[in-house]
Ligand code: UDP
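Next up: a single chain in structure tokens, the form predicted alone.
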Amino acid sequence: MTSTKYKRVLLKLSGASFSGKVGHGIDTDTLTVIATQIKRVIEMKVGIAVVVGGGNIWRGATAEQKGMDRVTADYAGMLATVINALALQDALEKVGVPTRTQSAIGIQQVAELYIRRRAIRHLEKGRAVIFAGGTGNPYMTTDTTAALRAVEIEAEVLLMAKNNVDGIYSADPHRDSNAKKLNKVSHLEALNRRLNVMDTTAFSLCLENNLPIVVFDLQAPRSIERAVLGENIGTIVSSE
């Protein structure tokens, strides 16, 4: 059996991850690739939970800029994450992975209500668990949800899958030709240098709970599996 670095992980998938190369909506081919990788991770006897974003369907910040009430816009975004979660659940079940979707907002017809102990039990039984609905509160991003759920389920690492971004850079590589990729960085250094890891609330949770973060490119071959194995495929943020 292949030796893995972690035994329980939290994978954060942005809404953009669901649109793949199409650029909008949900790309079924991309979902199949993601689901197949998650299946292989479970076959390694690693517990994996997934937090999904909803930006491919709805962006609350954009709606707010156009005059929509912020709280209403954020709740609409939570519903978008439920759509993505159901799409991923279907893709996982099609490749033979028993899956449970848990939502932070009540929507019992399609998803369980988030209960920490039940989520952990699902993981112990070898099921994939998808967390939808964000934290259930407005003004909170799905990055914050990922950090919170990772701490709650006692995940050993937070895997931040990015679209065509292979790690953390010293500056924006699209604007600064001298930007350098950082293979390793501490939580404090990332915070002090204001590196673009995730929003401040999410990052503070990781910092306070010594939760490592691996930032990697989802489009790289077998990226999720390689991250679980501990291969150097992106940038690792840790307390070391």
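Model, not experiment: these values are computed from the prediction. Note that residue numbering follows the sequence shown and begins at 1.
One more form of this protein exists, namely the form predicted in complex with this ligand; it is left out here, but the text below deals with it.
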Task: Contact at 60, 77 and 138 by this ligand in the predicted bound form, all three, heavy atom at most 4.5 Å - done: yes
Task: Which of 122 to 130, 165 to 173, 139 to 147, 109 to 117 sits within 4.5 Å of this ligand in the predicted bound form, heavy atom basis - done: 139 to 147
Open item on the list: Given that this ligand is not shown alongside this chain, does residue 15 nevertheless sit within 4.5 Å of it in the predicted bound form, heavy atom to heavy atom?
Closed with: yes
- [ ] Could you confirm whether residue 73 comes within 4.5 Å of this ligand in the predicted bound form, counting heavy atoms only?
- [x] yes
Open item on the list: Would you classify residue 55 as touching this ligand in the predicted bound form, given a 4.5 Å non-hydrogen atom cut-off?
Closed with: yes
